[in-house]
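Next comes just one chain, in structure tokens: the form predicted alone.
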């Protein structure tokens, strides 16, 4: 195939990869080509104000799609920037390099963040007859505790194994109610044949394990991007209208003293730089900035809850970020509410 100049060229190239993998699967029982990956990203700036992580962006026909040219690994990144706030970065790089490129891009660019998928986003396909859940990843690292006291829980299970190990299904159900969901694996069926298999991660990444049609893949990824953008708009409107706080509820108690040390001076994955302004035995109050946009934030934290206030025109993407990371690190299953109504669902 020649140089990718249009969105149709890109689709043809990716479609050829799917078909080659299907042929390998039929002949050898496994695929060998690099899997397509997608990353949902939240942005506060237009594309012309954010540099490409590899080379420079070149338009694919002026339809809001871009490809990287020049630099290292050209023509391996494909950006769907057709939405105002949520972009989709597709890549055919191997998983290790793709994760590193995306992590570095988000970390170094002000105004760019991942989309942090809530439990409800990850379980979006539940109840849809065309989709089957095939796997689940759970995570709890107890990252605020000392090494001697820390508890760890990490589990990734494909559901075919639950029938072979008595009691495993019950363990999964109990763990799912108490710990954060890190990933979910789904497959879409048509006439008992798998047409799409995808694994979604809480940090907004999707790995397409198997696919028949590129349009179906992009529609599925776009569906999640649209849901997240709608949730972001809803949360922003609620904040603007109600001038209240986002409430985060945890299933696991956290060490407040250790939490204070973690967020001080911008440490930790939550991307917050906070200063403690009020201290009680079972309560901490903080003020500071969200390093994603350098907007002000206020955070009240108790043993099993937190209240986040994002004043003015600050970016509310801090709410799902804190909920996701805090949940996986030390707070277990975390839900986000505003005025008693669950959001980011």
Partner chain sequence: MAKLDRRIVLWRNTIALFHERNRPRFVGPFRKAGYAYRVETVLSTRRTGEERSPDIVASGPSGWLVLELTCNDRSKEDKLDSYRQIDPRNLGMYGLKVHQSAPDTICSRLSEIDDGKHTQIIVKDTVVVKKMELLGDEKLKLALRDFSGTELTKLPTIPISLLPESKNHEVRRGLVDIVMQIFQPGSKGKTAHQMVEEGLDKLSGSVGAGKKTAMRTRVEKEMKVLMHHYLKGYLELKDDGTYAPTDTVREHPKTLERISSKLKEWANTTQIDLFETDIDGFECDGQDGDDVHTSEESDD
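Positions refer to the first chain, counted from 1. The model shown is predicted, which means the values in this text are computed figures rather than measured ones. Throughout, rigid core stands for the largest set of C-alpha atoms superposing within 1.5 Å between the two forms.
Another form exists, predicted in complex with its partner chain; not displayed. Remarks below refer to it.
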Go through 170, 241, 126, 177 and name the one with a heavy atom inside 4.5 Å of its partner chain in the predicted bound form. 241
Given that the partner is absent here, state which listed stretch (316-324, 35-43, 302-310, 59-67) has heavy atoms within 4.5 Å of its partner chain in the predicted bound form. 302-310
Is residue 250 close enough to touch its partner chain in the predicted bound form, meaning at least one heavy atom pair within 4.5 Å? yes
At the 4.5 Å heavy atom threshold, is residue 47 in contact with its partner chain in the predicted bound form? no
Consider residue 282 of the chain shown here, and say whether it contacts its partner chain in the predicted bound form, taking contact as heavy atoms within 4.5 Å. yes
Evaluate residue 95 for contact with its partner chain in the predicted bound form, applying a 4.5 angstroms cut-off between non-hydrogen atoms, and reply yes or no. no
Does anything in 270-285 come within 4.5 Å of its partner chain in the predicted bound form by heavy atoms, and if so which residues, in order? 273, 274, 275, 276, 277, 278, 280, 282, 283, 285
Compare the position of the CA of residue 47 between the shown form and the other one after a rigid core fit and state whether the shift reaches 2 Å. no
After a rigid core superposition, would you say the CA of residue 68 moves by 2 angstroms or more between the shown form and the other one, or not? no
